[in-house]
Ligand code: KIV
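The form predicted on its own is given below as one chain in structure tokens.
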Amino acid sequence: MNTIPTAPGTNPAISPEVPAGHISLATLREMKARRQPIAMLTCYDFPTAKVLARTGVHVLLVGDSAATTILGESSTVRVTMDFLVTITDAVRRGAPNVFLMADLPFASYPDVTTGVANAARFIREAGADCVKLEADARHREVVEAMAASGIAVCAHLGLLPQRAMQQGGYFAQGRTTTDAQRIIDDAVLLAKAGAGMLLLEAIPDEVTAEIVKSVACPVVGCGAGPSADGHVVVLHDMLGFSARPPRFVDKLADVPEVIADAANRYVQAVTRREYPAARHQYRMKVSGDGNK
């Protein structure tokens, strides 16, 4: 199992540089200015959000990756707006102080009017701080309109899972001079249009470094090299649920085995008639026995 080293004397469950109070976009900008790395993870439910909120994670992303990690779909395009709004609301309740980013699903922003209306649902109905959309130069007006409406926007560039069919599969992007320049130009354009954050997926670090020095907003990498202002991975990849996690994700725990062990012990206890034991049972009420 791969591990991330911990500094001597440091409790790995507690971040030494956790901003106090609610983490806002202004907080993340300040972190970028101080060159303090931003830690971001995906999250899809209330109990997991409660756990992650204790770790000092700065940003939680309710990604459309829920389609594959939670629903068992083969791609992200099957997840719906209603489902993502519901689970974003759950994550907000579990982690009220993190910066909460919600993913706009496939085909939910085909034009300015539709895109703004759908983005506003995440803010109004689910308490998200920001919405993310897979974008390029063609989405400049959508980003401008969302920003003008008071919605914080994260533009996702590089590998775009919602367009995997157009791109011919899930492949790293920006590996040729032409493609790299296109991603850089799109990133700068969208930042100028009002994107408050950028997320770069599966691109070379040289491209990331050029974007980071060309924009003022925080830049989060997902397999985009060390030059990014912060980094995000899919939680389920990190926890061992994925058979083939991306090369940029370390397996830091084997949670499926923990679940399987607990379930196996339960099944064995039932089949051996060891469960339920006397301590698990309710008794008939007798005088003075209360609700026991």
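As the structure is a prediction and not an experimental result, all values here were calculated from the model. Note that residue numbering follows the sequence shown and begins at 1.
Beyond the structure shown, there is the form predicted in complex with this ligand, which is absent from this document and is the topic of what follows.
- The candidate spot formed by 28, 58 and 128 is out of contact with this ligand in the predicted bound form: none of the three has a heavy atom within 4.5 Å.
- Only one of 203, 199, 135, 146 comes within 4.5 Å of this ligand in the predicted bound form through a heavy atom, and that residue is 199.
- With the partner removed from view, the residue among 219, 222, 207, 155 that has a non-hydrogen atom within 4.5 Å of this ligand in the predicted bound form turns out to be 222.
- Taking the partner from elsewhere, residue 64 is found to have a heavy atom lying within 4.5 Å of this ligand in the predicted bound form.
- Taking the partner from elsewhere, residue 234 is found to have a heavy atom lying within 4.5 Å of this ligand in the predicted bound form.
- Comment: 226-234 is the region of 226-234, 49-57, 252-260, 29-37 lying near this ligand in the predicted bound form, near meaning a non-hydrogen atom within 4.5 Å.
- Applying a 4.5 Å heavy atom cutoff to this ligand in the predicted bound form picks out 103 as the lone residue from 94-108.
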